[in-house]
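One chain is shown next in structure tokens, namely the form predicted on its own.
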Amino acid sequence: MMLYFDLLIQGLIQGAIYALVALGLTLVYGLLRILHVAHAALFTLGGYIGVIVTNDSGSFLSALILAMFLVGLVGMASYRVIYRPLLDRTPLIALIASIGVFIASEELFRIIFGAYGLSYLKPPLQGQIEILSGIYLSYARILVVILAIGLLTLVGWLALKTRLGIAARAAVGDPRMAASSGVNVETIRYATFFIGSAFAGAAGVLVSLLNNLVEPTMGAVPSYKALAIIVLGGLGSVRGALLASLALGVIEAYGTIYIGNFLDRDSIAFAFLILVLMLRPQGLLTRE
């Protein structure tokens, strides 16, 4: 029985990381109807900033905050440089541009930081605590859960309780109507890219901490899964993306133990996604 609880906890932790990555994609798609593939590059950038700043300063907290802030700014710049000039074109052009930026970013990371990755000199938060009888969690994994809950709660509060959130929902529903009502749609778009990118940066830092490794291609698999997650959850549905993220993390955790001899972790994830999409192609929380 304890094994089931342990797998459930590990799956929810992994799902929390997927949720942080997928949320940014969902917000951007909901606002612009663009699949922001270059989001994965921001995830990787967050990981590099986390490792470099922690190694130089010795403060993981400073590294996390700085990574979220800088990656958020880079996300805003990506909107200005990549997507804003293409808003009047078909979304396919923006998608192709985004894929190109992602591929180029992997090579840029390789040139700047090397091909073999970076690690923490003294990995922080590696101590463990017993949360249930026989189940131990590292402080790093506990931080993942606390940070994911805190950030996702913050987004929910911003969306429901603030003028920015109300304006953002109006801009998602009908940008022209929102603009005619006095909503600054451009400000909403920049804010959306900042928040979504900052979350991707935080996820990159957390993954670099859990794996004690950051490398140029670390964003590839999470980005593919995040794209599948937002489709699985229902395109543009924040609640659907969160549910799909947690479900995917749990399925991976159990599948790795029980069918790991036949399929690796990533294959299990994509097999699950394909199976669900065959049954509900419209997504988990989207009505037909």
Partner chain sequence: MDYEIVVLTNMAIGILFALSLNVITGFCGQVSLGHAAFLGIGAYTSAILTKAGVPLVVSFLPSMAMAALVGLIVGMASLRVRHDFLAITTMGVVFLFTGIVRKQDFLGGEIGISGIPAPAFGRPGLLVTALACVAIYLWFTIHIRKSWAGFAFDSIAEDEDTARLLGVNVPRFKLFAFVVGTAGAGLAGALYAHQVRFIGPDSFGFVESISVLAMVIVGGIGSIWGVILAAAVLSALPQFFQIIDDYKLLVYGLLLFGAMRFAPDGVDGLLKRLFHRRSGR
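Keep in mind that this is a model prediction, so the values were computed, not measured. Positions refer to the first chain, counted from 1.
Although it is not shown, the form predicted together with the partner chain is what the next lines describe.
Within 4.5 Å of the partner chain in the predicted complex: all of 86, 92 and 95, by heavy atom?
All of them do, each having a heavy atom within 4.5 Å of the partner.
Taking 4.5 angstroms as the cut-off for heavy atoms, does residue 17 touch the partner chain in the predicted complex?
Heavy-atom contact with the partner chain at 4.5 Å: absent for residue 17.
With the cut-off set at 4.5 Å between non-hydrogen atoms, does residue 52 touch the partner chain in the predicted complex?
It does not: once the partner chain is placed as it appears in the predicted complex, residue 52 has no heavy atom within 4.5 Å of it.
Is residue 35 close enough to the partner chain in the predicted complex to count, meaning some heavy atom within 4.5 Å?
Residue 35: yes, in contact with the partner chain in the predicted complex.
Taking any heavy atom pair closer than or equal to 4.5 Å as contact, tell me whether residue 258 reaches the partner chain in the predicted complex.
The answer is no: residue 258 has no heavy atom within 4.5 Å of the partner chain.
Quick one: from 108, 146, 121, 77, grab the residue that has a heavy atom within 4.5 Å of the partner chain in the predicted complex.
Of the candidates 108, 146, 121, 77, 108 is the one lying within 4.5 Å of the partner chain in the predicted complex.
Which of these residues, 156, 150, 100, 114, gets a heavy atom within 4.5 Å of the partner chain in the predicted complex?
Looking at 156, 150, 100, 114 one by one, just 100 meets the 4.5 Å heavy-atom criterion.
Can you say which of 58-66, 226-234, 245-253, 38-46 gets within 4.5 Å of the partner chain in the predicted complex, counting heavy atoms only?
This holds for exactly one stretch, 226-234.
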